[in-house]
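Quick heads-up: it's one chain on its own, the form predicted alone, in structure tokens.
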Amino acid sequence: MEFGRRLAGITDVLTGDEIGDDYGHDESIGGLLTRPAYVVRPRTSAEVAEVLTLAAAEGVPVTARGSGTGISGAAVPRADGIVVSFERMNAILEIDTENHVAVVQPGVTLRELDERTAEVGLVYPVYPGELSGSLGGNVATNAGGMRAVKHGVTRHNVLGLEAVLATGEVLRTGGKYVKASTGYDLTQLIIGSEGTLALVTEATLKLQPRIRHTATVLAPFRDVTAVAAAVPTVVGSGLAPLILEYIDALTMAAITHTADLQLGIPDEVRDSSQAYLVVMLENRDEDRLTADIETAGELLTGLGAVDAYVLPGGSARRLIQAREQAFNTGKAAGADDVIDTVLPRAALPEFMAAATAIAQAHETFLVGCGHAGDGNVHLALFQKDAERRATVLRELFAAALRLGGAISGEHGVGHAKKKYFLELEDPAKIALMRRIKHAFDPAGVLNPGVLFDAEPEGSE
């Protein structure tokens, strides 16, 4: 009770029945609801600093929360802890058209930023598929999305941060400049740390010109391996696709059915195709875009595509929207887990073959899609037996690591993939990460149990 009163002296606090269910979960499959003891809703970084100082002194765990759209459990709090909700720190502080940057608070959503940047002909190019997601959450998980093949993921588009350490110190990293060789890059260290090192209270984001002319080419292939084999050539063609996605036939059928979308592909082509490449091109000049479309069509059919179809604008937009919602479609269909492993593009065919063999060996149903252009594979697993499912996940992650990849490309580790991360990753690397965690958060209060197992009180 005394701790709650002290929190209330700092900022707005919710307790008990005032805390709604939304504060206790994210969108991860099978995630349990855990209602925290306190929810604080700060308005300034100074308030965040005071909350963290108090929490560290009392050893109370702290979990940051944006929109709660993550799917790896990183925003699931502890029952004895505090949720720091950034819903009231939701201002776009600046759109700087000369330096091509936006300065935002963590509660700003992607949709809000997109609407503001559109007014001045600019765009923040990271589209992870859920526009209600917050920028703070995107920074915490290093979110990616379909446009990463051209513009990179969050870490490639964040120039600087304001962040609060568990010790109550407020620091600024980076700024409105695009390069620096001055000490350690603390900006990049905090990005993707899933709320375990610091709480981000402001981000300076790189903006790009908004290109007017786009076109989407859909290329069906007779098998997934052929799709995967085509990807490096498409990337190296000089077409610079904005989006380069693969979608297997079952996922395509599910998302188009859910969206009530007809793509105009002849039945005989659809029935003989096991997978598709979706290639979105953009150009400032319409005539050059037309030439690029012709080049893409010839390239794709030369790489084994059954045909290449240029989708009408409305159909293209709806297909991209449906692809962005593939996770929700899989979740609604009863998927038991989803992975987002990433590996070198050239290793995609070998990984897809390995994934098929693993699924068959363990009688598990796998369907998926992915950001083929950057080697990010999204697979939905349908396997009700928890022990068998864990074996499949372990073997899939091990296969990706063996091929030079990583467990997560954009969703993060959170609670959901932690045991595989700790088991399969290089122990020396994990030990170094633990030391970094302790340097940032000596009291161990920031998101304990995410990435690492929570350590006993008093340990280092």
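Since the structure is predicted, the reported quantities are computational estimates derived from the model, not experimental observations. One-based numbering along the sequence shown.
Keep in mind the form predicted in complex with a small molecule is missing from the figure; the text below concerns it.
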**in the predicted bound form, the one of Pro220, Gly370, Pro241, Pro106 near the small molecule [non-hydrogen atom within 4.5 angstroms]** = Pro106
**Request:** Decide whether Glu47 counts as a contact residue for the small molecule in the predicted bound form under a heavy atom distance cut-off of 4.5 Å.
**Result:** no
**Prompt:** Does the small molecule come within 4.5 Å of any heavy atom of Gly66 in the predicted bound form?
**Reply:** yes
**Request:** Answer with yes or no whether Glu324 is in contact with the small molecule in the predicted bound form, where contact means some heavy atom within 4.5 Å.
**Result:** yes
**Prompt:** Looking at the partner-bound form in the predicted bound form, is Ser134 within 4.5 Å of the small molecule by any heavy atom?
**Reply:** yes
**Asked** Using a 4.5 Å heavy atom cut-off, which stretch among 30 to 38, 408 to 416, 428 to 436, 395 to 403 contacts the small molecule in the predicted bound form?
**Response** 408 to 416
